[in-house]
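Shown next as structure tokens: one chain only, the form predicted alone.
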Amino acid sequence: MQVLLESFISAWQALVSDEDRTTLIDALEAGKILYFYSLAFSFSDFEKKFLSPHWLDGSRKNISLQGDTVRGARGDESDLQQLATMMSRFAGQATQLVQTLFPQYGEQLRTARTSYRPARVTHRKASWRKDDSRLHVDAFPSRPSHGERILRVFTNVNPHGEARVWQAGESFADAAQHFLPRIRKPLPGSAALMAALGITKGKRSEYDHIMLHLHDEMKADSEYQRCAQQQRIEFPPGTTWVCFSDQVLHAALEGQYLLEHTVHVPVSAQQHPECSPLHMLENLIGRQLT
């Protein structure tokens, strides 16, 4: 399957025909990556100082925006406020793009985190579980989703002409069929215990249990990482791409300086809910998972 759908859209709040919207949402929900090759995010002149890994405080690999506050960054109060303002502006434009392209999702969108990734991908050191250079689907260990979709907007803001390089894998359905036989049911009472201990924010559903194990099984399987169907994709600076990262198998191989914004979409808001990981897994397993 050709995983990319290219789009001419070059504005965060573009005029889009109903026909183009239908094409985009059909491709997105089928597990494709929407690639906007002329959609850039611009730093102001004084914000260009943030194009350096110097701003990472060393506590985490990314800088995140939570409310009006940045986490994982260092600097004086004025610098951190400017950084938060820049990231907030990106979050607003990314949300505006999603609302413009997918009005079907409407008020059911739930805004999540925004992150800035100034570190070079190839310079990160991580355990296999945290190594995003291995093919995986996104799942949150501490934040159960109960099937809610993870929709992400990425923009390459590299000032040196370097592409963000991804590897995209096979379809979610094929990967699930491959790994599901390895995944056992959760232990009785384990979800309630983890919630009571504060390990998770609420009880995990069986869906969350399976998605976390799919994430881990993919990353841990060196043979799968080496032999699975894969497609290398290069996203140059000044480009934006959007995908459901809980559905698209992806790995980040190269690049530096990336902005990313996440929104959550309930399955009920989808144009094609049957294409969601929740429904695909339920069809494969033969029972409800939430």
Ligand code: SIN
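So that there is no doubt, residue numbering starts at 1 and follows the sequence shown. Please read all numbers here as calculations on a predicted model, not as lab measurements.
Although it is not shown, the form predicted together with the ligand is what the next lines describe.
Counting only non-hydrogen atoms and a 4.5 angstroms cut-off, does Asp138 reach the ligand in the predicted bound form?
Flag for Asp138 set to yes.
Taking any heavy atom pair closer than or equal to 4.5 Å as contact, tell me whether Asp132 reaches the ligand in the predicted bound form.
Yes, contact at 4.5 Å.
Examine Arg149 and determine whether its closest non-hydrogen atom to the ligand in the predicted bound form is within 4.5 angstroms.
No - in the predicted bound form, heavy atoms of Arg149 and the ligand never come within 4.5 Å of each other.
Is it the case that Arg117, even though its partner is missing from this view, gets within 4.5 Å of the ligand in the predicted bound form, heavy atoms only?
Yes, Arg117 sits close enough to the ligand in the predicted bound form that at least one of its heavy atoms falls within 4.5 Å.
If the cut-off is 4.5 angstroms on heavy atoms, which of these, Leu258, Val265, Leu34, Ile233, is the one near the ligand in the predicted bound form?
None of the other options qualify; the answer is Leu258.
Pick from Phe179, Phe154, Tyr105, Tyr207: which has a non-hydrogen atom within 4.5 Å of the ligand in the predicted bound form?
Of the candidates Phe179, Phe154, Tyr105, Tyr207, Phe154 is the one lying within 4.5 Å of the ligand in the predicted bound form.
With the partner removed from view, which of 93-101, 69-77, 160-168, 192-200 is the stretch that lies within 4.5 Å of the ligand in the predicted bound form, judged by heavy atom distances?
Of the options, only 160-168 has residues within 4.5 Å of the partner.
Enumerate the residues of 268-290 that have a non-hydrogen atom within 4.5 Å of the ligand in the predicted bound form, in sequence order, or give none.
If the 4.5 Å heavy-atom criterion is applied to the ligand in the predicted bound form, 268-290 yields nothing.
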